[in-house]
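The chain below stands alone and is given in structure tokens; this is the form predicted on its own.
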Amino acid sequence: MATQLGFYFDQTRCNGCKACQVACKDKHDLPVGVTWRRVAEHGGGSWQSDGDTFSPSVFATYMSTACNHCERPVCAEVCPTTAMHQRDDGVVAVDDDLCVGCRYCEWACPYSAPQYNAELGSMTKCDLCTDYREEGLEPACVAGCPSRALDWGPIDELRERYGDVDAIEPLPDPAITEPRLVITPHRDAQMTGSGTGTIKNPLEV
């Protein structure tokens, strides 16, 4: 099997600047409403009481996510024309000649990775900047991060180097698609399914 590629995200380094999001959008010249990489602001908390004294116990973290080029890409499974497909290197991509814009992939993906471009009449998504990688360059989001919170490469190497965490709030259960994603969680991160926070910028993600 060919080397399977994936992403790494160090949540401890992310300050929510969204430079990765801007770099991706600029590189691919994406229209308003289409954003392949998104940064979710996740937070919550409550008050703790000690007698008559109340103290806040709050948290806020950021989660940068794009397509995770999953082991089991449900987007490709539901595509009726095989336009959504997985390459030998694990990258999930769209064949523009086959896509009819039915949006089944968009509805199936728990990460909202495939996005409909009304100007093209078809689905679009992150392809891990295939053209940049062929030139020996890093994906735009990775290169654009000022705090070096993002990395990419063979997923086996990323897991060996950084661990195997891939399920923190607000991400969905990884069992759905088996994402090729590794995360170094923030100290306040909560595991998927056990979180008490909410997404604070829902219109952006």
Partner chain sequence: MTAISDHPTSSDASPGGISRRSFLKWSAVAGGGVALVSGTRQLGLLPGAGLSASAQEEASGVETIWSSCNVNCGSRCPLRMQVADGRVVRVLPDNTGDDALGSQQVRACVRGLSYRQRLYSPDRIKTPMRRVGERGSGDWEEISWEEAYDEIADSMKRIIEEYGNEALYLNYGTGTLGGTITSSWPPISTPFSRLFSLAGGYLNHYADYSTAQIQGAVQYHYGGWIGSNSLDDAKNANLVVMFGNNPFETRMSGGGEIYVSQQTREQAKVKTIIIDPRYSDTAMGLGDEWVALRPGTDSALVAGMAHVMITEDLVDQEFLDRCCQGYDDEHLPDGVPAGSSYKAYILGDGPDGEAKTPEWAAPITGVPAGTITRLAREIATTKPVLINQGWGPQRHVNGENQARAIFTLCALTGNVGIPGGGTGEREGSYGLPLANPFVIDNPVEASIPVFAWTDAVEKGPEMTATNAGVRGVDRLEVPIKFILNYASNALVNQHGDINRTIELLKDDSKCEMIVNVENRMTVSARYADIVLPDTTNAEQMDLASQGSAGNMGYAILASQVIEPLYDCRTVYEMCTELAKRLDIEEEFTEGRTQEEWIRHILDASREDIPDLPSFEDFKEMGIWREPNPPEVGYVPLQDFREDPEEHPLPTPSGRIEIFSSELWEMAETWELPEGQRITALPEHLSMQESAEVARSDDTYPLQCIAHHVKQRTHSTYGHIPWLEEAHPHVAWIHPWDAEERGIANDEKMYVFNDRGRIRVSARVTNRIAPGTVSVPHGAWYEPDEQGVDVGGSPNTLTSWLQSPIHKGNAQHTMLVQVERA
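Residue numbers count along the first chain shown, from 1. Definition used throughout: the rigid core is the maximal C-alpha set that superposes within 1.5 Å between two forms. In this text the structure is predicted, and so the values were computed from the model without any measurement.
Keep in mind that the form predicted in complex with its partner chain is missing from the display, and what follows is about it.
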For this session: Find out whether any non-hydrogen atom of Gln190 is located within 4.5 angstroms of its partner chain in the predicted bound form, and reply yes or no.
Result: no
Exercise. Though only this chain appears here, would Gly153 touch its partner chain in the predicted bound form if you measure heavy atom gaps against 4.5 Å?
Worked result: no
Exercise. Just to confirm, Ser112 within 4.5 Å of its partner chain in the predicted bound form by heavy atoms?
Worked result: yes
For this session: Would you check, heavy atoms only and a 4.5 Å threshold, whether Tyr62 touches its partner chain in the predicted bound form?
Result: yes
Exercise. Mind listing which residues of 132 to 169 have a heavy atom within 4.5 Å of its partner chain in the predicted bound form?
Worked result: Tyr132, Glu134, Glu135, Val142, Ala143, Gly144, Cys145, Pro146, Ser147, Arg148, Glu169
Problem set entry | Core fit, then Ser147 C-alpha moves 2 Å or more between this form and the one not shown | no
For this session: Superpose on the rigid core, then tell me if the C-alpha of Gly51 is displaced by 2 angstroms or more between this form and the one not shown.
Result: yes
